[in-house]
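One chain comes next, on its own, written as structure tokens: the form predicted on its own.
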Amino acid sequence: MQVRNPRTGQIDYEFTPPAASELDARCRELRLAQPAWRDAGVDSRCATLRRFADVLEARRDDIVAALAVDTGRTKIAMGELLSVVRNLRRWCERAPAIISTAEFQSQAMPTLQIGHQLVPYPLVGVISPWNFPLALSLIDTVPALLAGCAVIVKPSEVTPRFVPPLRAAIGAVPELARVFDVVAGDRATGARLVAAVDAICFTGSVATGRKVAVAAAEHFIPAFLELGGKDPAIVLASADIDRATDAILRVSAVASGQVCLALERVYVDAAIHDRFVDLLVRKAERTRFNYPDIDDGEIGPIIFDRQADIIDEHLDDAVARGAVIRCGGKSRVLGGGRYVPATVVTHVDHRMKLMTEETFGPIMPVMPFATTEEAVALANDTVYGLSGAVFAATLAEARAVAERIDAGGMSLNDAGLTRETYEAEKNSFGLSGCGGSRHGEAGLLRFFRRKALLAQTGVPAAISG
């Protein structure tokens, strides 16, 4: 497969997906090694993954360099690696306490002692997307490994350059390499992976997520799906608009808006709408492309060429229906790469794709509302329900609105906070996903099947009794 460079637009990398027999053989090897990994115990697994975190740190220059070419950005690539290392160490601190099987006495039958055995899925498959290649390859992998599963990851074919240095890091920890592998492949590889594993984790589009869900159902395995979003922000009249515009611009434009939890719809109380828009435009106009210097500027290239087409299509549709672009605009080519500026759009409504379909770019459509009830109704007028934000004078006022929004993670007086911490358990609403939470303790426990062990400490009942 040939791979496009997002900064130059040129094909400068290629790889060969594994043959079906090769993938099947690797899955068998991982399965054979999994029982020893499981039986070693959580403390041993933690020690191994701590060594892996050390190796990632030691090899960060090689991994970040590959990620920078994959995604066209260096600072975020470095942040991605550091967040992975922090997440590894955090899980290793938490895992022993989470994996608990304390026994208890039955209230229904006093002579019954109830215990549990946590049985990990032998082999977990992970299919990860192109926007954060390393972080989203490991976000499900790490807790699955700590649970005692073997794991095989198939990253996006759009960003495969980080795979060789990551595999080298895995190989530097032999115990880990026996139960964890990353395989660059295409869509056929992903489809075959679903058929070869005992549980599947997928992060990506709704369209592909549906296919994964159907395939998982056919093979009778659980599917943990984190899909798209159209996240709303609600700015109440009492909000500090300086802070609100800072947060909304950051979360809408970070990583060029190529983040599932980017804010893609902004609803502002009509009383402050014009002042809010003016301030947001001034701040957005100060953002810069990281071109020609990859280490300068806030906005990098659009990684996947087709996504730039979708962004342009949404803007064209909005303008044709009466929207006004206040700053920014459609994609432009710089050095062969496609860049989209931080863009503020007004006079929008829900007839427009920009307000209803996932745009996945640094676009901020702003719409006024007259009442809080209207704002809530607009925010909930979507097939998605990943996350969102509410801004108000007090946290109590923000929370009262946030509790009425159908989304899994709501930030109060800030935005994108579910990306900053994995401690808050949450579930996706609507088409934004299904399956157990990847955050909080459930992020680890979902990789176990719970076996009940019921011990009779008294005399078993007779049929005549």
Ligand code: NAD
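This is a predicted model, so every value here is computed, not measured. When you see a residue number, it is the position in the sequence shown, counting from 1.
Not pictured, yet referred to below: the form predicted together with the ligand.
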- Query: Would residue 316 show up as a contact with the ligand in the predicted complex if we use heavy atoms at 4.5 Å?
  - Reply: no
- Item | Contact of residue 208 with the ligand in the predicted complex (heavy atom, 4.5 Å) | yes
- Item | Residue contact check: residue 38 to the ligand in the predicted complex, 4.5 Å heavy atom | no
- Message: Does any part of residue 227 reach within 4.5 Å of the ligand in the predicted complex? Heavy atoms only, please.
- Response: yes
- Which of these stretches, 320-328, 83-91, 267-275, 353-361, has heavy atoms within 4.5 Å of the ligand in the predicted complex? 353-361
- Answer with one of 251, 127, 166, 151: the residue that has a non-hydrogen atom within 4.5 Å of the ligand in the predicted complex. 127
- Item | Listed residue (157, 175, 198, 181) with a non-hydrogen atom within 4.5 angstroms of the ligand in the predicted complex | 157
- Out of 17-44, which residues reach within 4.5 Å of the ligand in the predicted complex, heavy atoms considered? none
